[in-house]
Structures are given as structure tokens and as C-alpha cells.
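Same chain, two forms, each on its own as C-alpha cells: structure 1, then structure 2.
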Structure 1
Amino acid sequence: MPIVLGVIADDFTGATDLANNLVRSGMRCVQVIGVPDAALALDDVDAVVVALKSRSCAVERAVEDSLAALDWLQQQGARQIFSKYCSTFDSTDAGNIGPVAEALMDRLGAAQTVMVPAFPINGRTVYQGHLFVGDRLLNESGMQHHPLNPMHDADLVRVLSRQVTRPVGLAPHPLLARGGEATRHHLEALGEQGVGLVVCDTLDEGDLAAIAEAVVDLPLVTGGSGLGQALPAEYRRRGWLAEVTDPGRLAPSSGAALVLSGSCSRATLEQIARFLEHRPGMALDPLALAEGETHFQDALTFARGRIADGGPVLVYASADPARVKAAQAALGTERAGQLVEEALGRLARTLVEEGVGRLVVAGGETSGAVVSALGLRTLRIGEQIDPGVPWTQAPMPGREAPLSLALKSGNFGGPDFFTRAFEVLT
């Protein structure tokens, strides 16, 4: 069966966030890391999300990778393509959101697409083309200080106009409030005037539903996770989705339970403190890792011992800002990060080989390091643990049971995330 939706996501955790929403709206979903070399067996899959690293790279690279993902998704039969970016429209005047959208339009022969970054339940809304984070305009939300993609302008029509060659238009809220049909007519009228990219206002779920109804037949849509939540209802209305009772169903999990953390975000530090109240854990120190193999071997021995006791067990490099600064001052920021990521990646690989079957990883970069140390390319998306973080499952070469994996970016998850995750799984 060809897939219904093919998603090209500009970063890893953003990909998972969207995939999670698709599953919650009833689609069976697989996330792949980078563009696969070959076709995948996708018999019972409705959507594939290709996770790229194209948010902050050079625009030529972002376009090239996105087109490669598009070609692959078209080979899998995708009816609609979705270019996924952050709900804060992270980009610079040079791109990458606009140029990627135009390159995809050119390749697809699409005359028009929509830009729908909003995610109302997370406080990201768009009004009169202006993006808000909570009650602040984007350029007053803290995003003006972002290290890679500082956002100094909340007017998305203006931001996008600086990135693209085609005229940019707006689908305003009063129009969306009149429903999907009226919205589609508006898009068509804009199209007759030559408008190729339409920024859509979005105040709430009702607006998202109207947009989804209006755009379901477009070859290409672009936006954030909110649109991903609204589209499946339209696919279902068209009869494109098989009726399945549990789209996030995974194979039964088995094997020992392990938590690895390299995230120093506030939410993670609290989750670690909460876990250590009742469960065993060991801190990894980058300074000790720099001195040789002993510290790593100590951590491995510790984890093996606690796993034998029944787990779950935690190994964490996470530390408060003062300790992180001290390690960075002594080793350099990059080397400190590398030592931690390499150690956590090796721990994951060794302990999974020895029988760990349920693994929680905290930290965006850390997750990337662990996934690559394990050589994983495909994640089946399962049930949500906390908003934005689902359980996933990956086939493991040479092993019958798949690995159950939860990848949490820094600030996600409630305080009891590390224990709750395993409860959700059982």
C-alpha cells in the first residue's frame, strides 16, 4: 500500500513531535533518520516522517537534503508532502523555510502551498500573519536571542517575503472562521493573483480544521505539529486511512530498563532528582572521562550490577550550570560535550547488546548520539508518555525483539517522567 503522508522534518525532535501527533490523530507512523538508501516495508504504515538536520545548515544543503527526502517519499507513493519546521518559524532571512518550500514546489509542480506554523495548545498562534508565543509577539518571546536563528520580526508575511521569489499572501482568521470551503476559495483567488505561498492565521483548533479541509488536495503543505494533528481527520473523511483501533500499537517490550541522560535542562535535572529518590543512579563526570577508561568502566559495572537487580537504572552526565561551566572551562565546550555523548553512546551500545530492551534517553543532542551509536535508522512511533514524547520501537539486527526507545528533548516531560515512562510501557 502506498503511504498517505510523507513528511520532511528539519530536525530530529521536531520530527518525533509531529509523528506523535499523527499517531494520536489515528495514523500509523514510522520515523526514519535521514533519507533511507532503499525502499522500506511499509504495509501497515500511513505516514513516514524523514528526520533531517536542515534547520540551521546552509540553505543549499537544506534544499538538497529536502529534495532527496521528497524523491524517496514519492517512491513510497506519498499522496501529500508535508514540510515540517518549528512552531517558532526558526529561520534567517537567507532561509531555510522559504527556499526549501519553493524547491519542493518546483519539483512537485505545485502552484501554491500554505505556511501553518501555529500550535495553539502549546501557545503558538498566528493573527494577521503575526506569530505569537503565549501572549508575546515572536520577536519579544526570547526567540530574538536564539543563538542560531534569532527571530527579530513576528510578521511572517514579511519574514517569508525576504526568503522567497514568489508573492506571499495571507489567509486571515475571519475568513478561516467561515470554514474550509470558504478558505479553499480564498486560496484559489490568491492563486489567480499569482500568490504562491499563503501564511495562515491560526487562533485555535477550529482554524486548523478549516485549513486542513482547504489544503487536503494540495501536493505540498508546510507547517508545525498543529497542522499534523488536524490533517488525519480529512484523510479519514476521504477514506484514505484504514480503520485501526490502536495506531500507536507496538510489539510487547522486553529486556532490562535503562535511562541515559546528557541533558542539563532544568526539567531534566528535576526528573533526575525525582528518580534518584527511589531508584539507583550514577553521575558521569566529563573531567574523569577525560582522564582515561576507568570512569567509563566504573559506570558500566555500576549499570550492569543494578540491571541484574531488576532496574530501571540511571546513568547521567547532567549537571547544574556551575558544574557544566567548570567542565567546559577545563576541557572546552565541544570536548566536554563530545566526551559525554561518546560515553553515553558506548554505554547504550554495550548494554543493549547485553540485553537492555527498554531505553529512555534525555537530551536532543544526546539522543542523536545514542541513536547513531546504536546504528538505528527506523523508529515505529507508539504511545505518548508526555506531550511531544512517544515510545518508539526499532528493529535490532541479530535480535528477535525490537528495542523500545523514548527520546526526550531537554525541557519535555513531567517531573516523574523517568519512572512514568516505564509504567506507560507496561
Structure 2
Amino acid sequence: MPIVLGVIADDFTGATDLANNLVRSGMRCVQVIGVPDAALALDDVDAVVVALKSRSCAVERAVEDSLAALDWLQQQGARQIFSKYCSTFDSTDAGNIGPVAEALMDRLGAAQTVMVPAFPINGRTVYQGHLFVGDRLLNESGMQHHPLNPMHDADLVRVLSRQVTRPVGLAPHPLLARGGEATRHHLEALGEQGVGLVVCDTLDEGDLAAIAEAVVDLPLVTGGSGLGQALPAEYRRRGWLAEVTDPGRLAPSSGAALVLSGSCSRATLEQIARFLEHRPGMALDPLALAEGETHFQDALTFARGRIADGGPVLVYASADPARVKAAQAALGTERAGQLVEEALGRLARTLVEEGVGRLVVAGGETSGAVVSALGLRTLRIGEQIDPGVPWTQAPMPGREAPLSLALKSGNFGGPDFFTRAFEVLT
């Protein structure tokens, strides 16, 4: 049976974030890592999320990978395509959000699409085209210090206009408050004026519902995971979805517990501090990693010893902005990031081979490195830990029990996330 929704996500945590909302809204969902080959079987699945690592790479590579994912999803018969990016819209003036959206529009023959990054339940809202994180504008929220894509402008119409060739418009909140039909008519009117990309104000779940009603027939939608919780209701009204009981059921978990963190967001730094009040942890230093193998081996020895003592253990490269900038100044931004990602990926691979069966990873780039190091290809989406973060499971060759894996976007989760995640899994 053809899938209803095909998603192209620009990082691994964003992929699980959206997949989580689809499952919670009643869709059976599988996340695949990279563009699958033709042999992948899709049984009892309503949605497939293709997780790419295209947020911070070169624009040309992001477009190429996204188009390859689109081709595969069209072969699976997807009714609608969803281009997923972060709810903080982090990108440079060159892209990659806008160029990928336009490339997908061209391939699909789509005259118009919407940009809906908001996720109100996680404090990401848009008003008059300006993106807020909680009660702060995006460029005052800490995102101005993002190590790869610092955001210095909260006006998404302006940000997007610097990335694309088509005119950019706005669907303002007073219009959305009038409902889905009024929103659809507004989009059509903008389309007649040649506006190809429309940023949508979004303050609450009602706005998401209005947008979903208005765009359900568009070949392409784009945004954060908030829109993913509203679209399934529209699919169901059209008879595209069957009622499913417990679409997020996973197998029982087993094995040692490990947390790996590379995110430098404020939320993750608070989560690390809370974890270290009661549990063991070790910080990775990019400068020490650059000097040779000793620092990595120290981290591996530390993790092995604490895992043997029972309970989760944390290894983290997360640091405050000043320390991150110092490492980047000494090593170069790309080199510093590569050292950390490689080390965390190696730790994951080694420790999972030695028996870790429950793994939490914080940070989009870190999650990509870990998933790649483990060679994972598919993730079944399970129960939510916090908004936007579910447990997932992946089969492991030679092991009876699957690996339980949580991929957390840096900004997501409550202060006690790293300990409560394992309680939820239990």
C-alpha cells in the first residue's frame, strides 16, 4: 500500500522529532537513515521519514541529497512530501532551507509551498513573520551563538528572501484565526501574485490545524514538527488513514545505559548540569582530542567503568559559547566539530558492541555521527519522552534485543531529561 506522507528531514534529531508527532497522531512511522535502496520493505507503514545530514553541508550537496530522497519517496507512492527543518530555522543566508525547498518545488512542479517552522508546545512560535523561542526573538534566544548556523535575524520573510529566487509572502495570524478555508483562499491569492513561498504565523495548535486544512492538497509542505501533529487529522478525514491501536509500541528494552552529548544549547547545558548532580560524567575536550588517542581512550575507560557500576553514564563535549569559540579559534570550526563527532561516534560504536542497549544522544550533528558510526538504517518510532523526542528502536545483528535509541535536538527536553528518559523506557 502506498505511504501517505514522505518526509525529507535535514538532520537526525529533527527526523525523530517529526516522526514522534506523526506516531502520536496515529500514523505508523519508520525513520530511515539516508536514502534507502530499493530492497527496503515497508510493511504496515503510513509515513516514512528520510533522515539526511544536510542542514549544515554545502548547498549543492543538500539539494542533491534531498532530490534523491524525493525520488525514492515518490517511488513508494507518497501522497504528500514534507521538507522538515528545525523549529529554530537555523541556516545561513546561502541556505540550506530555501534552496532545498525551491529544488523540491521544481521537481514536483509545485507553484507554491508553505514555511511552518513553529512548534508551540515547545515554545517556538511565529508572529508577523518573526520567530520566537519562548518569549524571546530568535536572535536573542541563544541561537545567535549557534556554532554552525548562528541566527541574527528573527524575521523569517527577510531571512528566506535572502536564500530563494521566488517571492516570499506571509500568512498573518488574524487570517489564520478565521480557519482553514480562509487560509487556503489567502494562499491562492498570493499564488496569483506569483508568491511561491509563504511564511505562516503560528501561535497555537488552532493555527496549526488551520494551516493543515489549507495545505493538505499541496504536493509539498515545509516546516518543523509542529505541522506534523496536525496533518494526520486531515489525512484521516479524507480516508487516507486506517485507525491503528498503539502505533508506537516497541519491544522490551535491555542492556546498559549511556548518554552522549555534543549539543551546546542552553537546554542541553542545563540537562548536563542536572545529570551531574547525581550521576557520573566526563567532558571531552577538542584540544585534547587533537593531541592524539590518549584523551579518547581515557573517555572510553571512564565510560566502561561507570557502566559496570550500573545506571546511566554521560560523556559530553557540550560547553558554553566562550569555550566553543576558543576551541574553534585554535583548531578551526570544521576541525573542532569533526574531532568531537568522530570521538562520540567511536564511543557509541564501541560501547554498543560491548553491551550498551539503551542510548540517549543530544544534538543534531552528534546524532548524525552516532547513527552513522553504528551503521543504522531504520528506526521504529516509539513512545515520547518529552515533546519532540521519542524513543526509537533499531535491530542489531547478532543480538536478540534491539537497540533503544533516543535522538534529542539540542534545544528540546526538560532539565531532568537525561535521567527521566530511562524511566520512561522502563
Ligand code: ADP
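FYI, numbering is relative to structure 1, first residue = 1. Bear in mind the structure is a predicted one, so any value in this text is a computation, not a measurement. For the two forms, the rigid core is made up of the largest set of C-alpha atoms that agree within 1.5 Å on superposition.
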Of these two forms of the chain, identify the one that is the form predicted alone. 2
Of Gln271, Leu70, Phe89, Pro247, which is at the hinge where one rigid part rotates against the other between structures 1 and 2? Pro247
Rigid two-part model between structures 1 and 2; small part's rotation relative to large part, whole degrees, is 21
Relative to the superposed core, report the C-alpha shift of Val371 between structures 1 and 2 in angstrom. 3.5
Core-fitted comparison between structures 1 and 2 - CA shift at Leu287, Å: 12.3
